[in-house]
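Okay, so here's just one chain, in structure tokens, the form predicted on its own.
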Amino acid sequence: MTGSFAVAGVTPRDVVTPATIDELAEIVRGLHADRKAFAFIGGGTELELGNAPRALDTVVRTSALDRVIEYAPEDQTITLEAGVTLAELDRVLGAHGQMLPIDVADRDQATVGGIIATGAYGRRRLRYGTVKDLIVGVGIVRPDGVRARGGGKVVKNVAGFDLPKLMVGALGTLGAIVTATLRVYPVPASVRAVVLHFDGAAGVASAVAVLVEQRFEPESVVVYNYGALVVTFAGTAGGVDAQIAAMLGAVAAASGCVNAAELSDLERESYEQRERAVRRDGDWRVRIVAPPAYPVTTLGSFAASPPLAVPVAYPLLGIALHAHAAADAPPERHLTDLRDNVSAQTRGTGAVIAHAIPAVARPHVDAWPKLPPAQFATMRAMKNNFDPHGLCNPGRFIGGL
């Protein structure tokens, strides 16, 4: 049953699910000794991200590594194995009124190791940052099968090499993440959201400018389908009430808002489902990144390819998400044209990352933007240091790393 574990379109010859970290390390040592290419996966929610590996003999799953090792609610940290799902983590933390504020498409499937390897974040990044801001310590199995660890169990830990942050977003190309210590947060007493509708992107941009100028402190600011701006506040009941009242007055007066309304819990969940859909559905899924000064809500789309989910943007972060069906025209042109458009509109400062690519287009396009030579040279040196034989997820990451 290897078909369901294809990595960026490449099906492995074998899939193994070690029951313990020691067993995983033994498997990796054997693969390394035999010079066989391998990759690590958790819940498999981001298997389409990246380029096709040059070779893939074995996929090593971490899903059976699902123990909570240590939890200190008073310190707001938790240490756990990489295969723990976010849904299970929610259950453990929720019993103590705490949470891990990382948004993903499927919390039942996404694992702790997976969100670290993919550098996951969502709408709440505005308030809490990415997983890179929440990781405190990490345990890994290197590509040669040797166990290593970095960081610690407390939030303020700056001694030595920052291995935890290095593993964030590396797509498992530097080794297997087997344990992690994460910073967690209290569940806010009150969470309320308001939707403001505008005729076009200009009104959205005006409203976002007001949010910045007036120094509001929302938990998230998200634009859906170019015209619906959802602003969410979280905190104490009194603080949230005051922020919403002040924000409605300031934005409605300054931006020409068509209408505004507070969302019920069910309506707020409906909008969040749309955000999850744009991360999950579509033959093409892309993330556009640009400096927040540019109108990211209007940057690029696939003109010949119908959308399969509502476009979503985080204007204060400079990020937009699009999901589209495959089209009949030469498929590689869609990504190329989008990149050219984004580069032109942002004077070369924007980038496009493909999170999913149709199989027919994979041989012709690069999932990743090009990096400046000096930056890429540092990354290549790091890869060579960790994996000199190029066995660990070879070719999936930026520049064929």
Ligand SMILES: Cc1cc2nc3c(=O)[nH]c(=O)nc-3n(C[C@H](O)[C@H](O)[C@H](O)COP(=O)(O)OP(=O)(O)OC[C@H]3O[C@@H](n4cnc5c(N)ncnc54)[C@H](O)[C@@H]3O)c2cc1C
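Residue indices: 1-based, along the sequence shown. These numbers come from a predicted model, not from an experiment.
If you look for the form predicted together with this ligand, you will not find it shown, but the lines that follow are about it.
S.K.: Note which of R276, R268, R183, K165 lies within 4.5 Å of this ligand in the predicted complex, where distance is taken over heavy atoms; exactly one does.
M.R.: Looking at R276, R268, R183, K165 one by one, just R276 meets the 4.5 Å heavy-atom criterion.
S.K.: Check each of L171, A326, A205, A323 and return the one that places a heavy atom within 4.5 angstroms of this ligand in the predicted complex.
M.R.: If I apply the 4.5 Å criterion carefully, the residue I get is L171.
S.K.: Can you say which of 188-196, 259-267, 233-241, 172-180 gets within 4.5 Å of this ligand in the predicted complex, counting heavy atoms only?
M.R.: Checking each option against the 4.5 Å cut-off leaves 172-180.
S.K.: Any chance I288, R347 and V352 all have a heavy atom within 4.5 Å of this ligand in the predicted complex?
M.R.: Answer is no for this spot.
S.K.: Indicate whether this ligand has at least one heavy atom within 4.5 Å of a heavy atom of D106 in the predicted complex.
M.R.: Yes.
S.K.: Test of understanding: in the predicted complex, would A117 fall inside 4.5 Å of this ligand by heavy atoms?
M.R.: Output for A117 is yes: heavy atoms within 4.5 Å of this ligand.
S.K.: Quick one: is Y121 in contact with this ligand in the predicted complex, heavy atoms, 4.5 Å cut-off?
M.R.: So Y121 counts as contacting this ligand.
S.K.: At the 4.5 Å heavy atom threshold, is A82 in contact with this ligand in the predicted complex?
M.R.: Yes, A82 sits close enough to this ligand in the predicted complex that at least one of its heavy atoms falls within 4.5 Å.
S.K.: Which residues within 27-57 place at least one heavy atom within 4.5 Å of this ligand in the predicted complex?
M.R.: Residues within 4.5 Å: F40, I41, G42, G43, G44, T45, E46, L47.
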